[in-house]
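To begin, one chain is listed below as structure tokens, in the form predicted on its own.
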Amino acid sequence: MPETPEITAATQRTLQGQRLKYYIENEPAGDRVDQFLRAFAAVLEFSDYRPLLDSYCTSSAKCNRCAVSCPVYLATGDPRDIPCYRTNLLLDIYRRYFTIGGAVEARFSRSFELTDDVIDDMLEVFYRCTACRRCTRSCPMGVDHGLITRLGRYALSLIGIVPKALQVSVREQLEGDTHNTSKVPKEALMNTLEFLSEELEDILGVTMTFPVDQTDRDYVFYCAVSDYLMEPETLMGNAAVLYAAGDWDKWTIGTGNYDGINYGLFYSDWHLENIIKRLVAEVTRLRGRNVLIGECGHASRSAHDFVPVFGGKEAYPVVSFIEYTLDCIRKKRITLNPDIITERVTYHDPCNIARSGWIVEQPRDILRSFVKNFVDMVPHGQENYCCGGGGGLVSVDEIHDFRMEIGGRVKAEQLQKVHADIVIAPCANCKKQLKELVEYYELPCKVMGLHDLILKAIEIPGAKSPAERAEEAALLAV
């Protein structure tokens, strides 16, 4: 890993991208202060945030213990990157304009006042945060700084301040012709599935025709739609597990909605809810019984946490593919050959599925079942460091330098220290960010999905053995 110069306070803001203004699609005209206060008031009226903010306002949210937990602050040392600072920007507004005590104080003394400069400050710091929520675990008062970041972004989005990359993708998902964030039409999806079937036949020696729009199946499958274009090995690994487990006739992909991405989780509760409702409606159309989420951290979290909230009477159970695969291993429905993977392997915990403690040990149990040389990064699990592209930032190409030099700096140092040949990251966003980090810092490792590795080692009756497949792959690589 080449030496990287220290980031000075004078240069780090340039890396962020001039307060992100050059890629905001609709900068609001007129009085931004009045618009923001009206938007914030609407959020408070039509949501349950007020009791939470009242609780946070009565506690001390300025102890700064969260500073050492934040990878962005660890990279910059800038006090404005301390989660407490960011949280208090929004809490100060709430105290001053939405509590009785704040109104009384403003009449009799000089108190906090919302200005355009404060809005610019919020815009910058809320989109420097990767929303990894690592700081929340170290807060003695239980303040969820990641949630406050999303609330601040939500209010800003209601007055038109939101990164183009997020806004354009959500608009296509909710209103566009393809109804997915990568604008993949149905015809392209079908062509991709046909191609993947051919690839699986070449690799495994068995025929697998992907089930599409099949009704009354146990599982309706969702992955990040970008996986159909960017991570085919992950999807083929998913398919191999389903086939080997004897569940090929128990799942389907729906053409009415095949994108598990939910960028509403990053900046808009309204979009979050509507995207979840579209997902649920597709499962209902197909008369499915469960939602099966592929390797995507935020798609898994948004479905797992919010289908029960917004799904109403049709709140289908949500299953992570990692949970499904581990269950198949434990019940001996699939077998993974322990002699195929000889490289040193480590595992990156996607924040969206690990921070809450939901998906932590399951992938490690899977890896240890067939990888002889597995090693963990330090720290890991619920205390893991974000890849540096969380909170939707990985989708914003304009801040690539920020993600490399600041957001992902601590993670790059972790990767350097673990000396792994392969880094497993079961998340579309994490894989993109980590691959860019590996290239940027010239790290000697490869980033893969969990099921990419499983595809190499899985034993399937009637198919080519893992050893035969490894030999063929070696010959092709020459």
Partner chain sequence: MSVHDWIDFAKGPLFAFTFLVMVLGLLRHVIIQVSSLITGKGRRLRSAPWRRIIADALSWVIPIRHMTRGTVIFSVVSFLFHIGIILVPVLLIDHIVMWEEQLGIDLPAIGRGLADVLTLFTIAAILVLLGFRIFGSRQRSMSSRIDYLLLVMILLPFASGYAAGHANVNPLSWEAMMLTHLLSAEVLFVLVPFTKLAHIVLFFFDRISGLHWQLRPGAGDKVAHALFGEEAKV
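Residue numbers count along the first chain shown, from 1. Keep in mind it's a predicted model, so treat the numbers as computed, not measured.
Just so you know, the form predicted together with the partner chain exists too; it's not on screen, but the next bit is about it.
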Report summary line: Assert contact residue (the partner chain, in the predicted complex, non-hydrogen atom within 4.5 Å, options Met448, Ala39, Ala412, Val418) equals Ala39
Report summary line: Assert contact residue (the partner chain, in the predicted complex, non-hydrogen atom within 4.5 Å, options Ala281, Ala106, Val118, Leu147) equals Leu147
Query raised in the report: Taking heavy atoms only, is His348 within 4.5 angstroms of the partner chain in the predicted complex?
Result: no
Query - Non-hydrogen atom contact Asp202 with the partner chain in the predicted complex at 4.5 angstroms - result: no
Requested in this report: Indicate whether the partner chain has at least one heavy atom within 4.5 Å of a heavy atom of Arg133 in the predicted complex.
Outcome: yes
Requested in this report: Determine whether any heavy atom of Pro444 comes within 4.5 Å of a heavy atom of the partner chain in the predicted complex, and answer yes or no.
Outcome: no
Query raised in the report: Based on heavy atom distances of at most 4.5 Å to the partner chain in the predicted complex, which listed stretch, 118-126, 305-313, 249-257, 328-336, is the contact stretch?
Result: 305-313
Query raised in the report: Would the partner chain be touched by all three of Ser47, Tyr56 and Leu272 in the predicted complex, meaning a heavy atom each within 4.5 Å?
Result: yes
Query raised in the report: Can you tell me which residues in 160-189 come within 4.5 angstroms of the partner chain in the predicted complex, by heavy atoms?
Result: Gln167, Val170, Arg171, Leu174, Glu175
